[in-house]
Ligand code: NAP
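Shown here is one chain on its own, the form predicted alone, set out as structure tokens.
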């Protein structure tokens, strides 16, 4: 696993927006960020799931979070502008943005891939992060130390057959991250952007993609949080445009 020990107050007084915060890695990140002092804005499409995360954060004694219900499949530029206006009104800045929400779509050969599903995957996995990042840039510039994390995948760095739109969307995510990092590397502001490949993790998306796999063979979302905490906190200041692996391990020693 990524080797980082986060101080208890790592994210104290920071305001962080997490997409797909109701389940899986997004939920774990929201709880972890709040547990380290951040005020977390929970964005997702299922209000009941967001409310459960909200209650769990409060029960653990974290700062009071906020809920933003939004379905990324149909969200428009105006919807993201409205989210930005609400954050500006309530907080005046944004210190962190985790683009976590993604969908797989179909795992099928390109010859059989449904164009409507292709568009759906691109909308959620690539267009939504573009529009949300664009809307949040003025708020990120109000922060003294802002971090944007894009969620990538191993198939977004080396494509594999039958991963279709998901793989292509994650290649696009890496490009969007690099573009964001380069454009926002400005002397007047402190904004960094990086990507994280979570690797095989015990989530419903992983179970859908690999139904024959034993979930217990994979780490839980909580286990891969060190890289997210590192990138959201001040220890990664100045680190930008980089592709990280949440489950990076030292190479094994050769077998005698």
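From a predicted model like this one, the values you see are computed outputs, not experimental measurements. Residue numbers count along the first chain shown, from 1.
Another form exists, predicted together with the named molecule; not displayed. Remarks below refer to it.
- The putative spot formed by 181, 195 and 237 is not touched by the named molecule in the predicted complex; no residue has a non-hydrogen atom within 4.5 angstroms of it.
- Within 4.5 Å of some heavy atom of the named molecule in the predicted complex lies at least one heavy atom of residue 70.
- None of the heavy atoms of residue 147 is located within 4.5 Å of the named molecule in the predicted complex.
- Under a 4.5 angstroms non-hydrogen atom cutoff, the named molecule in the predicted complex has residue 201 among its neighbouring residues.
- Although the partner is absent here, residue 122 sits far enough away that none of its heavy atoms falls within 4.5 Å of the named molecule in the predicted complex.
- Stretch 72-80 is the answer when you ask which of 135-143, 72-80, 109-117, 85-93 has residues with heavy atoms within 4.5 Å of the named molecule in the predicted complex.
- Of the residues in 89-113, those that come within 4.5 Å of the named molecule in the predicted complex through at least one heavy atom are, in sequence order, 100, 101, 102, 103.
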